[in-house]
Ligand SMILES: C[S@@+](CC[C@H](N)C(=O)[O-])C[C@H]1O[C@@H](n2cnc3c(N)ncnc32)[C@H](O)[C@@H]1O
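This document opens with one chain alone, in structure tokens, the form predicted alone.
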Amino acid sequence: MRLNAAGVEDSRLDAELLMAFAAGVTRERLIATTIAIDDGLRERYARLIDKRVARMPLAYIVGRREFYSIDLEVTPEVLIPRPETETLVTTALTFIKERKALRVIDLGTGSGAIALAIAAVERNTQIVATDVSAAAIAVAARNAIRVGVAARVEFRRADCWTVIDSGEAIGRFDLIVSNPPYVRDAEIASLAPEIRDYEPRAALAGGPDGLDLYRRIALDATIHLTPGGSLMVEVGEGQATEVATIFRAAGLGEIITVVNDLAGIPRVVVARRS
């Protein structure tokens, strides 16, 4: 099989999903029933396989990815949502349930995955979602309509706390969430081709030690947090202690906790103001 020869993991699954996409049916229907294969379907399937052999991510080929039970459009302008990021959403939702109605900001929203997953569950939240990329904001805005939460999510173009869209300055929030870039610059070249060659570098590269954006977020976080508010960020493997140290140095040290993902890896660092 060409996918297997190209080093694609789960090549059989990908082949089935691509055939289902080419045929316009679900994978379940593809497996359970007989579909007519004509020359047009063969050609469409062959083109899709060519893309996957070139290691284009499956999500970019089919243009979607499920995240926290919502269906999201994904394009090469945005990072593909990962299962481990659902830990950040779950942690945020636990905090929100304690506080009821909240103002939330998602820094570096990308596809909108985190903001929209929160909005889909907690309908009393008002959310601002920011990104430095205008193309990413366009994708996230379409996703907000797709998920049915567009009325409760405001999108702003901003570079961390610095507004780019000429609107009002970013205000104060009860909850700040972010999945910032955290890959060390020197490690980009060693990433899987699907990530290295296709996903936006700006959403991956976190500087020499992978922690540049955490420092920028922490620097002004206290200005943007209400009393009793919380800052929650996803971190890469082995970064939780360093990020907690950055938060303490920025005056966010009242209560700092770390939450593990389902694999037992420290994945979310939480700083909570007293």
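Quick note: we count residues from 1 along the sequence shown, nothing fancier. None of the values given here were measured: they were computed from a predicted structure.
Not pictured, yet referred to below: the form predicted in complex with the named molecule.
Peer 1: Among 167-175, 116-124, 144-152, 75-83, which stretch sits within 4.5 Å of the named molecule in the model of the complex, heavy atoms only?
Peer 2: So the stretch in question is 75-83.
Peer 1: To verify the annotation, which of these, L93, A186, A202, L191, has a non-hydrogen atom within 4.5 Å of the named molecule in the model of the complex?
Peer 2: Of the listed residues, the single hit is A202.
Peer 1: Report the residue, out of V139, A158, L102, V128, that has at least one non-hydrogen atom within 4.5 angstroms of the named molecule in the model of the complex.
Peer 2: By the 4.5 Å heavy-atom cutoff, the listed residue in contact is A158.
Peer 1: Does the named molecule come within 4.5 Å of any heavy atom of V132 in the model of the complex?
Peer 2: Taking the distances in the model of the complex, the answer for V132 is yes, it comes within 4.5 Å of the named molecule.
Peer 1: Just checking whether R65 would be counted as a contact of the named molecule in the model of the complex - the rule being heavy atoms within 4.5 angstroms.
Peer 2: So R65 does not count as contacting the named molecule.
Peer 1: Any of the heavy atoms of L30 lying within 4.5 Å of the named molecule in the model of the complex?
Peer 2: Because no heavy atom of L30 falls inside 4.5 Å of the named molecule in the model of the complex, the answer is no.
Peer 1: When the contact criterion is heavy atoms within 4.5 Å, does R216 count as touching the named molecule in the model of the complex?
Peer 2: Heavy-atom contact with the named molecule at 4.5 Å: present for R216.
Peer 1: Is any part of 164-200 within 4.5 angstroms of the named molecule in the model of the complex by a non-hydrogen atom, and which residues would that be?
Peer 2: Contacting residues: N179, P180, P181.
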